[in-house]
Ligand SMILES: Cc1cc2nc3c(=O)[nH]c(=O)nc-3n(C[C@H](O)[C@H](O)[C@H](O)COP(=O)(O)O)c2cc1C
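A lone chain, given as structure tokens: the form predicted alone.
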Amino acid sequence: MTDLSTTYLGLSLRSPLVVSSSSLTDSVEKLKSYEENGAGAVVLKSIFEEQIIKESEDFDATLGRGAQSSPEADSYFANIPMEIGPQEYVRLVESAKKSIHIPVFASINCVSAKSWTGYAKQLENAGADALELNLYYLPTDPLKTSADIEKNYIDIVQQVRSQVKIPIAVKLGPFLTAIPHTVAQIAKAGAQGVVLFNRFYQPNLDLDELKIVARLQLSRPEEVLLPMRWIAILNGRIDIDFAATTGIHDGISALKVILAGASVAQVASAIYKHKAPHLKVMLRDMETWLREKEYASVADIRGILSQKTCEDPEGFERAQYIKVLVGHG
């Protein structure tokens, strides 16, 4: 019998497929369907930093001190339909823990280290097995340096770590000056895992209405190459667990990120397209491949194609770059 179990953030998971934070994970009924179809864990839909702050008594004062705040900020968020508030989110964690038996990760979408970090303790008390910090920040201030942005990330992790004992994973975007250094500092600050990579949704322009249009775009299978590459580079160099996300649409792509060094593969777009039973299809394909290659478990293949297996990883990476460009004609 092929063993598909894995460990992530110090937790035992029955499979490496994790349903990532999205509208797919905003109700107990949906979570049950992922458990029934073989998911190893679920990451609940994110609660936003702005929601947590807004619920506090000193919202106006806190918002005024925020690094990205402006006089219009209150009205911006007042016009966004957020059907679940901070206390409802705590109850969702509690209900999920009572209803399913796989690990439940709470998720906070955040951009700064402020008074909201105490809310993390409420999620821990509600039973969350781990906390995923979704650092969704688009730097637009020309006076902010890359060091400023990185320090902000580290401050968030340190403050949340001071509040909770449960494992912390940090979800990063790919637009960082030095990804290895940032990940190393995040590990030093107390995080047990990183999720690579967050997707920055690009707004479009409506030429008829002359307005900005926000539209959700599902990932494409080829997008898996970005997290796969960086996990392969970082695996074995930094003492932290890796989760891959973006572009994981089938069992083969999940196997690829595990071969690169990931502990788990986070899935969302494939479920939007094919519904919860697609998880079973992915797991069956993974099991078939492992059996055909005569591997007994997922643990046997983790990281065997990462750069740590190369004597000169930097030279290998450069050589592949040159090979692709020279060979394309």
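When you see a residue number, it is the position in the sequence shown, counting from 1. If you're wondering where the values come from, they're calculated on a predicted model, not measured in any experiment.
The same protein has a further form, the form predicted together with the ligand, not shown here; the description that follows concerns it.
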With the cut-off set at 4.5 Å between non-hydrogen atoms, does R199 touch the ligand in the predicted bound form? yes
The ligand contact at L218 in the predicted bound form, heavy atom, 4.5 Å: yes
For A268, is any heavy atom within 4.5 Å of the ligand in the predicted bound form, or not? yes
Hey, in the predicted bound form, does S46 get a heavy atom within 4.5 angstroms of the ligand? yes
Of these, Q192, S112, T246, N235, which has a heavy atom no more than 4.5 Å from the ligand in the predicted bound form? T246
Going by heavy atoms within 4.5 Å, which of 173-181, 145-153, 199-207, 158-166 lines up against the ligand in the predicted bound form? 199-207
Residue by residue through 1-38, tell me which have a non-hydrogen atom within 4.5 angstroms of the ligand in the predicted bound form. S20, S21, S22, S23
